[in-house]
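Below, in structure tokens: the form predicted alone, a single chain.
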């Protein structure tokens, strides 16, 4: 039986891992990337157990581990005093891996993309910006801005939160501004003299803002930070999700915070402000031959650190269902995939939004309740990290 031809639109983390997942199951795919070269978007990514167990099954985890840092702990602090509110061991005693069956890593996005693309070794068509899809009963015609046209059996939209493929599938853009924005950067660990527990993954919390940071690099030589603030009320540009930032814009939002916070944010030139958007899940994730994965279907706020992880869950689920359903109509695999993934990803989206609210509380009675929840982090959020995507695809009746 002829294997279907598969085109993946977008060669980011989701597209590359999907290509690996298909190849591991005897399928080949071509990736089409609009950029002229593979370059990272954003500074770093956190890989939790729910993603790393799948990377291990794909024999990618060892290569990822070499260029990653494993945080010692997860710590929540008061952003102004620095007092620990809660802490949970991660690398210490291998506690996280023992609980969830796989490690937790911080990795530079460029390093992860480099590992995935190098080990793929297949065809990645750079400089191919998708302009149109025309679906028939037997194929999908793709038209690119450079004039190239291709006919394939299956198109997979891995083209992110501003997905063109989603517009084809559902007819709308789906992106909603959260009324929050962020400043991000990478700074050398050695220069952060006020930082407590530099190898821990930490949240510093305060009124209307928070700072997240974790170490990256094989020797934890750098710190990736993500400083989130309320506002602006409306995002000034419909067509781009970053705006310029002037010196002092970021640190001004954290006046009177702990020196570790202000030192980190002020350690380098922060020249961009990122609008934080979510993707309202479309009513359908697929047509007869076109299907969405990752942020194209369920872009979420980053406050549970699950954007890339949920995407990796998607691709493993879809790849497994395509293989298991190769004797049945393609639509059956797509329907099963959407059913398996919609509820879980919506739950993570909601948890991420609720976390933003909790991290930005002012000085009121809700703080005590919030702090109690943080001390019970494994009990409250363990369902995210313990999830086994492959098992869910193999035993869909259990989901």
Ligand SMILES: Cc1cc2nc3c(=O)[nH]c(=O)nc-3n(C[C@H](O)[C@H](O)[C@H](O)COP(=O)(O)OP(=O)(O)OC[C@H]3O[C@@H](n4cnc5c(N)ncnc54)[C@H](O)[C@@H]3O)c2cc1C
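This is a predicted model, so every value here is computed, not measured. Residue numbers count along the first chain shown, from 1.
Beyond what is shown, the protein has a form predicted together with the named molecule; the following relates to that form.
When the named molecule is considered in the model of the complex, only one residue from 185, 302, 174, 103 comes within 4.5 Å through any heavy atom, namely 302.
Contact annotation: of the candidates 215, 130, 115, 264, the single residue with a non-hydrogen atom within 4.5 angstroms of the named molecule in the model of the complex is 130. Looking at residue 33, you'd find a heavy atom of it within 4.5 angstroms of the named molecule in the model of the complex. Though the partner is left out of this view, residue 206 does not reach within 4.5 Å of the named molecule in the model of the complex, counting heavy atoms only. Taking the partner from elsewhere, residue 317 is found to have every heavy atom lying beyond 4.5 Å of the named molecule in the model of the complex. Proximity of residue 19 to the named molecule in the model of the complex falls outside the 4.5 Å heavy atom cutoff. Annotated contact segment (heavy atom within 4.5 Å of the named molecule in the model of the complex): 308 to 316, selected among 192 to 200, 308 to 316, 91 to 99, 255 to 263.
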